[in-house]
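Form predicted on its own, single chain, as structure tokens, below.
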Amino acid sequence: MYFGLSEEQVFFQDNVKKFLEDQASLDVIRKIASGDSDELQKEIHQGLINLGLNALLIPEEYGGLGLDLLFAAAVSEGLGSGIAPISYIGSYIMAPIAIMHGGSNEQKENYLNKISSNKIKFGVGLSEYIAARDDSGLEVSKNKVNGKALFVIDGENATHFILSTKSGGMFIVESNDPGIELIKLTSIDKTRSYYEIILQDAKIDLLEKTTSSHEAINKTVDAGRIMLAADTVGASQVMINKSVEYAKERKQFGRVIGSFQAVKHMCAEMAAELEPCYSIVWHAAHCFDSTTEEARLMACQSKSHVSEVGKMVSKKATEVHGGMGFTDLLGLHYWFKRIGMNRQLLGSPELVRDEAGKIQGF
């Protein structure tokens, strides 16, 4: 029995990769990372919207493509390989899933149609539910919210935000509400945006089904973790490819460094450790839609394991490049930092493994 990506999924992924190769070269990424090319970033984002990224998971009845999470994971892998400087995981994966599983019929009709037609864009902040901080927190009372939300992803140009309380209730806030203050966070990963949001009597639209059950927020978090794992797999593969290419060209003592046993071992170890990560991510994405009893555990396992492998790959790939690996000339650090940020978003490997243990009754 064959288990892997279908021809359609591979074709869509290849289109995403080719678009990024053509429109988001390393020089373009540098400009965007330095904050000098907002227009370029918008063009890249619009080009990927034209491919249908905003409508992947949304059911056809709401104007979407009605695809599954495995399809979305294939896309996320492609975006990671190209260190795409766009919103995706929060805006077009987590937000639709939160609304589909936690919203009323009226909320689905309202928001999903607008997401699929690119009329609105969401940022997502669920850190209060995943790992609350002492100096933050959100309090909801009488359809208003007060407090602070940390590590909100995809907040750049967002028209709405989906946030959560510590108890798992999710709600929607409009970004133009007078009670919202947005603070852009400084991050090592310059290819994506992260925000802190301060709210004072901001009006909310509560996702009705999230007040009585954790199902919707758990599904949302699981999907986000699988997408981060897929993104890391894509970024890690590029770092391995770059290391092998460099090892075939760079010479020391009159020989290409790829002929040295130590360098061969590093490249082989990276490839051997990353290869199984494809299967664990694909299986986790498949379980999300098809095997609900395994879905949460597989999401945790894929996020925690791929995070550790990605960390190893990013370090060894930099070592293979020697001193050049630390320079901006090669730009290897963009993939390195992307992997590092993915490791921490929606729970560090240690926190996620603890969750996996609890799921299994440990």
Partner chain sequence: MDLDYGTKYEKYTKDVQSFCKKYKGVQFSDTPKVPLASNNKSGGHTVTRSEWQKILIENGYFARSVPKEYGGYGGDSDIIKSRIIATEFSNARIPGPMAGQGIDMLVPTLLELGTEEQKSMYIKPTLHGEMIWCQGYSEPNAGSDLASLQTKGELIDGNWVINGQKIWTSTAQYSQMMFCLVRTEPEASKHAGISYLLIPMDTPGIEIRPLVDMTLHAGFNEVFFTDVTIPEANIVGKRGEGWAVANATLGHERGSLANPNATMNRLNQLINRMKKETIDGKKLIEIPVYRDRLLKIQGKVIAFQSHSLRVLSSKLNPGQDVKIAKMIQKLVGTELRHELEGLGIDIMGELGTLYEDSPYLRDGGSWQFTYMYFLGLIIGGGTSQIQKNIISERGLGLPREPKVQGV
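Quantities reported herein were computed from a predicted structural model and do not represent experimental measurements. Numbering follows the first chain given and starts at 1.
Another form, the form predicted together with its partner chain, is not on view; read the next lines as being about it.
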* To do: State the residue from 141, 212, 176, 186 whose non-hydrogen atoms include one within 4.5 Å of its partner chain in the predicted bound form.
  => 186
* Structure fact -> Among 205, 156, 273, 196, just one has a heavy atom within 4.5 Å of its partner chain in the predicted bound form, namely 196
* Asked: Would you say all of 114, 119 and 283 touch its partner chain in the predicted bound form, counting a heavy atom within 4.5 Å as a touch?
  -> no
* Counting only heavy atoms and a 4.5 Å cutoff, which of 74-82, 275-283, 124-132, 96-104 contacts its partner chain in the predicted bound form? -> 124-132
* Asked: Is residue 171 close to its partner chain in the predicted bound form, meaning a heavy atom pair under 4.5 Å apart or at it?
  -> no
* **Exercise: residue 305 in contact with its partner chain in the predicted bound form, heavy atom 4.5 Å** => no
* Hey, in the predicted bound form, does residue 268 get a heavy atom within 4.5 angstroms of its partner chain? -> no
* **in the predicted bound form, residue 256 touching its partner chain (heavy atom, 4.5 Å)** => yes
* **Members of 143-170 lying within 4.5 angstroms of its partner chain, judged by heavy atom, in the predicted bound form** => 148, 150, 151, 166
